[in-house]
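Quick heads-up: it's one chain on its own, the form predicted alone, in structure tokens.
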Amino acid sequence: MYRAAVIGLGRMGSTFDDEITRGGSIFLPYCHAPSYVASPHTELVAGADLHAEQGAIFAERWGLTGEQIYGDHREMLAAERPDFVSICTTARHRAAIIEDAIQAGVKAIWAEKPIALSLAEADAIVELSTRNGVAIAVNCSRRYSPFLSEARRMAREGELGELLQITAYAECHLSHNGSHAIDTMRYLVDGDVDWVFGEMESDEEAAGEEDLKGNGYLAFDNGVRGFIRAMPTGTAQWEFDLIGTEGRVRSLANGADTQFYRWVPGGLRDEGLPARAPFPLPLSIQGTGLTVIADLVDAMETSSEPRCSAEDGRKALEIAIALRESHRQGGRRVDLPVADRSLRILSVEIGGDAVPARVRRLQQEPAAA
């Protein structure tokens, strides 16, 4: 049993699972605290948050005492000496807290996304974690989807033939939830991006550092080409379309439906027809958070990389920045890695982050109703 602690005791740290009332592509436990409680690998021993109210809710919910809740994460790290630490704070402070956790001697970190605001911060995290042998899993959780993992297996084992294209439809800000979309594209094609073209919402938006929506063309090092639409997508809600010469997998409606197509005899001049075939379903499905923890345990005990590593988190941020830089340069091609490491995107989640996200959401619900 590894000792686990959570820094940032709000929605993703503790209560996000309470919002899931219907089945879909999220399998519980999903967020951090309930996953640590349910996992056979971990014992939840502490939490830290600047907001006392969130600490009190966390302690009552997960059976901790007041002495196990801290207002200062550094104090908690020193006193509790956890093996595992989840970092679920606003992205404004995430990179600094990751560095604090590494310096405190933790063995594994499960961090929310984006991993940092700037490329320089992301570089520092990757270098420090590598030097200290600390496994970091970034919560781009679609890598842990049993359906997308199966699609990747099919692609890697040649069941789709030669991969040609990956298309993502995901209305989102390119750094915040764009981390999910960009990372999923990299995961499915098992490749790195060499260069991009990008189109942002407007010249004015692209000129600043705020998180923004956009579209892009991605050239992967294995010959696959990718398209991402992060501007409004209409009825194509968080969909991925992976196309090969011999097969195709489509993840539709935010993962609620996964389709597989392959060639069958027929068609004009008997050249063949693409026909839908049963998608191979997993034998069992465990909670997403349990999969992340098991992945981190394996990475920690075998000195391997987690399924979504700090390096993967850095590359998602870098691709988002490169797409914006392409627009800034009049739609020119931008090669990766990006030369200017001071570039950053101020993730949309940091807006109003003086108030916890859980509280902001509760305040917005009456207005939405």
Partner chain sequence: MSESRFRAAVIGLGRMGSTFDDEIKQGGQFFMPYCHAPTYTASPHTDLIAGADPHAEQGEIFADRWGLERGRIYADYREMLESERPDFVSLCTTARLRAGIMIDAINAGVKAIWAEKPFTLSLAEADEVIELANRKGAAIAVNCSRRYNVFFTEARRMVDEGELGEILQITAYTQCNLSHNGSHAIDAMRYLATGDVEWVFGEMESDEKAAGEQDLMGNGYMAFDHGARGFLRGTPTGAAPWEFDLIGTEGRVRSLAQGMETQYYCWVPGGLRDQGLPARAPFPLPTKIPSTGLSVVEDLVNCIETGRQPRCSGEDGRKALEIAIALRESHRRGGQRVDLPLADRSLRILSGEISGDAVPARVRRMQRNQAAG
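Residue numbers count along the first chain shown, from 1. Each form is matched to the other, and the largest set of C-alpha atoms that superpose within 1.5 Å is called the rigid core. All values reported here derive from a predicted model rather than from experimental measurement.
What follows is about the form predicted together with its partner chain, which we do not show.
The shortest heavy atom separation between L273 and its partner chain in the predicted complex is within 4.5 Å. Contact annotation: R229 falls within 4.5 Å of its partner chain in the predicted complex, judged by heavy atom distances. Within this chain, Y217 lines the site of its partner chain in the predicted complex, having a heavy atom no more than 4.5 Å away. The closest heavy atom approach of R186 to its partner chain in the predicted complex falls outside 4.5 Å. Residue heavy atoms within 4.5 Å of its partner chain in the predicted complex occur in exactly one stretch of 265-273, 127-135, 74-82, 112-120, and that stretch is 265-273. Here the marked residues G55, R341 and D353 all miss its partner chain in the predicted complex; none has a heavy atom within 4.5 angstroms.
The partner is absent here, but in the predicted complex a heavy atom of I243, alone among M154, I243, L148, A299, sits within 4.5 Å of its partner chain. Put simply, of H41, R61, R333, H51 only one has a heavy atom within 4.5 Å of its partner chain in the predicted complex, and it is R333. Using a 4.5 Å cut-off on any heavy atom, the residues of 150-173 that reach its partner chain in the predicted complex are, in sequence order, L164, Q165, T167, Y169. Once the rigid core is overlaid between the shown form and the other one, T15 does not reach a Cα shift of 2 Å, moving by less than that. G352 is not among the residues whose C-alpha shifts by 2 Å or more between the shown form and the other one once the rigid core is aligned; its shift stays under 2 Å.
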